[in-house]
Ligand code: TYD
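Just the one chain here, laid out as structure tokens, in the form predicted on its own.
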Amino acid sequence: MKKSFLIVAEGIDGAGKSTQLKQTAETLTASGREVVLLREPTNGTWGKKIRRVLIEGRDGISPEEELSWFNNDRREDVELNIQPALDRQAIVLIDRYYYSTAAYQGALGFDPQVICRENETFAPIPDLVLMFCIDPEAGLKRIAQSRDGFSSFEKLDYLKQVQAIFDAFEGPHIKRIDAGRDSETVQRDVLACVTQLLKSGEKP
């Protein structure tokens, strides 16, 4: 019987996955499960370097260097947070994981499948990937309404390329969520996917 689960939320900026994951964590915690809610980039050494790029832009930083920062940040996250939580039978929810790295760095010219394979040599494969799908223009509109300014990753043409890569990912553990609908409807779909996963893990 499986008791630990790794659930990942992926999608372009403005898809609402952070809000949905937080609500999911609250629901699961209320049911009595230990839930660990994480996000990438993390607040660790490498994650802080990445977040500076988000704010200040990629000036002087090569795509290769940026990719190495994401991978280093994830290695640290796996060692310090993800694997220990899984070892103690928790449900781990992560806002972005290696699919985001593959999509965003893939849009810079790297092979997304190679990035995924390399990450899977050290990062646990998710039990469930919630792929939040939204039109990039709608995503940017949401961002504009929620805060001032955009990060260096939040450009329309770039996000269109990123979304195309997200659309190409396949696998039985990937569940696509129409994120363009109202939040309550999206949350019902998310919880349905999560509940199905948890029930499957309870089977002997």
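From a predicted model like this one, the values you see are computed outputs, not experimental measurements. Residue positions are given as counts along the sequence shown, with the first one as 1.
Not on display, but discussed next: the form predicted in complex with this ligand.
Remark: residue 44 does not count among the residues lining this ligand in the predicted bound form, judged by a heavy atom distance of 4.5 Å or less. Within this chain, residue 142 is remote from the site of this ligand in the predicted bound form, having no heavy atom within 4.5 Å.
Residue 54 belongs to the set of residues with a heavy atom inside 4.5 Å of this ligand in the predicted bound form. Proximity of residue 175 to this ligand in the predicted bound form: non-hydrogen atoms within 4.5 Å are absent; the residue sits far from the partner. Listed stretches are 167-175, 35-43, 22-30, 133-141; the contact stretch with this ligand in the predicted bound form is 35-43, by a heavy atom cutoff of 4.5 Å. The candidate site formed by 4, 77 and 81 is entirely out of contact with this ligand in the predicted bound form, as no residue has a non-hydrogen atom within 4.5 angstroms of it. Along 8-23, a non-hydrogen atom within 4.5 Å of this ligand in the predicted bound form is carried only by 13.
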